[in-house]
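One chain comes next, on its own, written as structure tokens: the form predicted alone.
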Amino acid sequence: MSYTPDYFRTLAAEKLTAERFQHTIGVEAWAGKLALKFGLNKQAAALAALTHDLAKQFSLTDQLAKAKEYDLIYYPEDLDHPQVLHGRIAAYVLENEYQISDRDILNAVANHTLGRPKMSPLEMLIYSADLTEPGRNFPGVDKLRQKLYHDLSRGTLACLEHTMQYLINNKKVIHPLTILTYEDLKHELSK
């Protein structure tokens, strides 16, 4: 079977809470605009956007159990902060239950929470669209959207900086993968 964005939109509507579904539709819409702007595959962006939070339907306890079962624990911090695992779980399910084989889509879903060094344009797009979709309303979000629309890489760097500052301000741990992502992208942009 060939799975379309319509199929996953329906699946998201069935599986997610109303609030999470609204967020997902917002990410899809914003990712679609960004994909057109930057010449990326709009269908791939839609599919990744619609599926990025599919594993959020599970409790954190269940997410941790699934991540262990699927061998998706990569850092000690993953065990202490299981809320970062839902992207990897969703990507695993897409690949293994829905036979989605497009590695770029799978990576965009898997890495939308923490990022990763050497992110592809689609990965950056989903990472950043998740933070800045139209339903998000926090100080500075409009500026992040503008930066993102102007330059995908620099906009993604701004999103990473915002997330890290938020975590620092709230005395929360910054996952080492986010730090590596930030340092890698900053290095790439300084060349």
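Small disclaimer: the values here were computed from a predicted structure and weren't measured. Each residue number is its position in the shown sequence, starting from 1.
The same protein also has a form predicted in complex with 2'-deoxyguanosine-5'-diphosphate (DGI), omitted here; what follows describes it.
Peer 1: Let me know the one among 136, 154, 143, 33 whose heavy atoms come within 4.5 Å of 2'-deoxyguanosine-5'-diphosphate (DGI) in the predicted bound form, would you?
Peer 2: Looking at 136, 154, 143, 33 one by one, just 136 meets the 4.5 Å heavy-atom criterion.
Peer 1: Hey, in the predicted bound form, does residue 83 get a heavy atom within 4.5 angstroms of 2'-deoxyguanosine-5'-diphosphate (DGI)?
Peer 2: So residue 83 counts as contacting 2'-deoxyguanosine-5'-diphosphate (DGI).
Peer 1: For residue 56, is any heavy atom within 4.5 Å of 2'-deoxyguanosine-5'-diphosphate (DGI) in the predicted bound form, or not?
Peer 2: Yes - in the predicted bound form, heavy atoms of residue 56 and 2'-deoxyguanosine-5'-diphosphate (DGI) come within 4.5 Å of each other.
Peer 1: Going by a heavy atom distance of 4.5 Å, is residue 11 a contact of 2'-deoxyguanosine-5'-diphosphate (DGI) in the predicted bound form?
Peer 2: Close contact is absent here: in the predicted bound form, residue 11 is far from 2'-deoxyguanosine-5'-diphosphate (DGI), nothing within 4.5 Å, heavy atoms only.
Peer 1: Does at least one non-hydrogen atom of residue 173 fall within 4.5 angstroms of 2'-deoxyguanosine-5'-diphosphate (DGI) in the predicted bound form?
Peer 2: Yes, residue 173 is a contact residue.
Peer 1: Of the listed stretches (143-151, 38-46, 66-74, 128-136), which one has a non-hydrogen atom within 4.5 Å of 2'-deoxyguanosine-5'-diphosphate (DGI) in the predicted bound form?
Peer 2: Stretch 128-136 is the one.
Peer 1: Within 4.5 Å of 2'-deoxyguanosine-5'-diphosphate (DGI) in the predicted bound form, counting any non-hydrogen atom, which residues from 103-131 show up?
Peer 2: Residues within 4.5 Å: 112, 113, 114, 130.
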